[in-house]
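Consider the single chain below, provided in structure tokens and representing the form predicted alone.
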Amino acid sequence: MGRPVAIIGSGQSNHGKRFDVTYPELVKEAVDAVFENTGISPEDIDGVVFGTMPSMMEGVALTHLYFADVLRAEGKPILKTETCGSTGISLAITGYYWVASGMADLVLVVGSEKMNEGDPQATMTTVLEPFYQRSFIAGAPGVFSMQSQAWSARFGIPEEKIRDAATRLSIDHHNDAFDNPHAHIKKRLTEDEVNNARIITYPVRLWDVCPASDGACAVLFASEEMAKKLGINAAWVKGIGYSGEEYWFGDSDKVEWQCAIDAAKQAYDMAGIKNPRKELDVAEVYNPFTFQELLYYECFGFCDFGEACDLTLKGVFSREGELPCDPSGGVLCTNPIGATGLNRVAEAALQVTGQADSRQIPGAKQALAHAMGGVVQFNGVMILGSEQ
């Protein structure tokens, strides 16, 4: 199990279409912020973990070397981790293990993406195997369209009910984003606007889909000794889980999604969680599509399969509900892919340390952070707590 590990600080850039800065300048915003927020000197870190969506997203190879100076990595070991959409949680778990193993006491973990300088949808479409998957799946929206329809059919959930629940999530999260100073999309939506927005891939409509964002996130992981020496209010890593499955989309069940279920179970077992809906105070669920967020509620044991829509419509997962999910606005409002999962970790850490400002969930002591990636084949979960 290794040594106890704490998150002692985070920093985020402002996210959006950041044509006002170069890519290195964007990364520097997050890195400078984490050092400013903690009062720690870059000279004190033992190493750096860095990653983006695979480099073709921005057309820049070897990004960890390109950013070595702004990452404050000169003369220090650097690890690069890339697992597509789950890159951020993979980065966090890499940083965790580096400290838990005893190889380092203070590690800087950074994720970034500058999606608007490339063509992210073209990348996500053409990265697939060319003979079968590429033409059939048609990128991320095509995958999640099929997943949502399979879920509806499997459990006999009426299409109208799913539409109502997805609309509720879209309205709630876009409202929540107004309380997040770093969020990309902030918009007051009506039911009519969401329900009548143009179809992207049926039944997914425009406001069910995350944006293409530019942004960066930086998080500091510390050993128990270092955290106590620095005297910083810390979020403790209580559990981690990571699981993957077949590359071919059709070769695994994406409804009762085993790698999502397994990743959550691994993290719950490590953290000693038996009833996640009761024992978690807040969850930052990776929600690039509203329909997929509903499915995750079920895979993570927040409710039984087939129940997510009913509970969402009752407000169980809203800011004021029993288990608030994505009070930051989540991926639906901000999606710099290489940083997105790490944003979930940073937001969860802010919640359990009482530093989430206007998006704070009162009394939050235990939080879940999650990301999904690969070719819809990886899921990772991290549980953070206010107490060691």
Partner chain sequence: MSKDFNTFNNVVRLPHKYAAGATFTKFYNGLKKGIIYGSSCSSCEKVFIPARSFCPGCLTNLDEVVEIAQEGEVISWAFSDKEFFGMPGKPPVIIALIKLDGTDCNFLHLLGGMETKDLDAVKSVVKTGIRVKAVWNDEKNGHMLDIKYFKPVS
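The structure displayed is predicted, hence computed values, not measured ones. Numbering follows the first chain given and starts at 1.
Only in words, not in the display: the form predicted together with the partner chain, which the text now covers.
- The partner chain is not drawn, but in the predicted complex it has no heavy atom within 4.5 Å of E36.
- Among heavy atoms of V60, some come within 4.5 Å of the partner chain in the predicted complex.
- In the predicted complex, no heavy atom of M103 sits within 4.5 Å of the partner chain.
- Taking the partner from elsewhere, E74 is found to have a heavy atom lying within 4.5 Å of the partner chain in the predicted complex.
- Comment: the partner chain is not present in this chain, but in the predicted complex one of G301, P211, G244, G118 has a heavy atom within 4.5 Å of it, namely G118.
- Contact with the partner chain in the predicted complex, judged as any non-hydrogen atom within 4.5 angstroms, is confined among 86-94, 311-319, 123-131, 271-279 to 123-131.
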